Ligand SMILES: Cc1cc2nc3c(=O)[nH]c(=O)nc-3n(C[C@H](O)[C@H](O)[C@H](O)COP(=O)(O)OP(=O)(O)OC[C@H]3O[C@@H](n4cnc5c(N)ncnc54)[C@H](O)[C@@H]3O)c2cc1C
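Form predicted alone, single chain, as C-alpha cells, below.
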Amino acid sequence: MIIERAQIITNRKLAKDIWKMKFDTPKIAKDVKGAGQFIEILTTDHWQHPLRRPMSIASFGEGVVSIIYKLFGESTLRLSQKRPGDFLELLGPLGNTFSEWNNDSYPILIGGGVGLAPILNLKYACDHHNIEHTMIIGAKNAEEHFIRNEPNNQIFLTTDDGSIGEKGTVMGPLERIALSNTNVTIYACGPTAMLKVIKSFALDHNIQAQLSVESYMGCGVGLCQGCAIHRKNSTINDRSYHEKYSLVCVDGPVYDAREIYFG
C-alpha cells in the first residue's frame, strides 16, 4: 500500500457521465497484482472533504494506472474538471484480485454501470494470455456505452431500452452462454441488484462465480468500518462481529459468490 502524488496524464469523457482518467503513478502501478484491485483518491485537499473516493483500476502498466468513473456528485464532478498536468494524491493498490481465470475454465466477464472498470482490466489480462472468454456489459441506454457490440467477438452489450445491443439485462446473454459452455466461471462487478441475480443464477446452476462488490469505502484500510457486508456462514456466533461480517476494503472487493449475501 502506497501513498503517491500522481500526475494526471489524460482525463476525457467516454460516454454520458462516464469518464476515464490516467495517472502517471509508477510506484502504485508497479505494485498492482491484477484485476479487481482499487485505489483511493483524495479529490481535494480541503478540510471539509477528508475522505477519499474508491475507484477500481481499469488498467495498469509501464508506470500508468487508469480509472473509469461516473459523475454521481460533487467529488466526481471535481474529478471531471481536472486537467492533464494536475496532481492528485492516491492510496493503493488496495484489495484483492479476481483469480483462477487462467486455469482452463471458460471466463464470462460481466460489468454493469461503472462496474465495467475491473472487468475491462480482467479482459486485458485474458487477451494478453490468449484465453477465450466472453464479455457482457449492461447499461440503461446506448448513451452510457462506449464499447462496440461485437457478438462475433464475444462482446455483448445490453440496454434497458434496447437502443443498442440486446434489450434487457445482462442475464439474457449470460444464461445462454453459461449454459452452452462447460467449465464456466463468472466474474462480475456492478450494482448490488445485478450481483444478487448473478449470484442466484450461479448457485442454482452450480457455476463458480466471483463477485467484485461495490461499496462506500471512506478509508480503504478497514478503519472506518463503513463497507461491512454479511458473510455466508451458518455456524457463526451471532455476537461475533468479525465472523458475521466482512469488510469489503480489506477482505474484498472480490468474493466467491458462496461467501457472502446481500440481505
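Residues carry their position along the shown sequence, with the first being 1. The shown structure was predicted, so the numbers you read here are calculated from the model rather than taken from an experiment.
Just so you know, the form predicted together with the ligand exists too; it's not on screen, but the next bit is about it.
In the model of the complex, at least one heavy atom of V114 sits within 4.5 Å of the ligand. With a 4.5 Å cutoff on heavy atoms, F201 does not count as touching the ligand in the model of the complex; it lies far away. Among heavy atoms of G85, none comes within 4.5 Å of the ligand in the model of the complex. Shown alone here, T159 lies farther than 4.5 Å from the ligand in the model of the complex, counting heavy atoms only. Judged by heavy atoms within 4.5 Å of the ligand in the model of the complex, the contact stretch among the candidates 114 to 122, 85 to 93, 164 to 172, 141 to 149 is 114 to 122. For the three marked residues, S56, Y69 and Y216, a heavy atom of each sits within 4.5 Å of the ligand in the model of the complex. Proximity to the ligand in the model of the complex, defined as a heavy atom within 4.5 Å, singles out one entry of S75, T192, S99, S105, which is S75.
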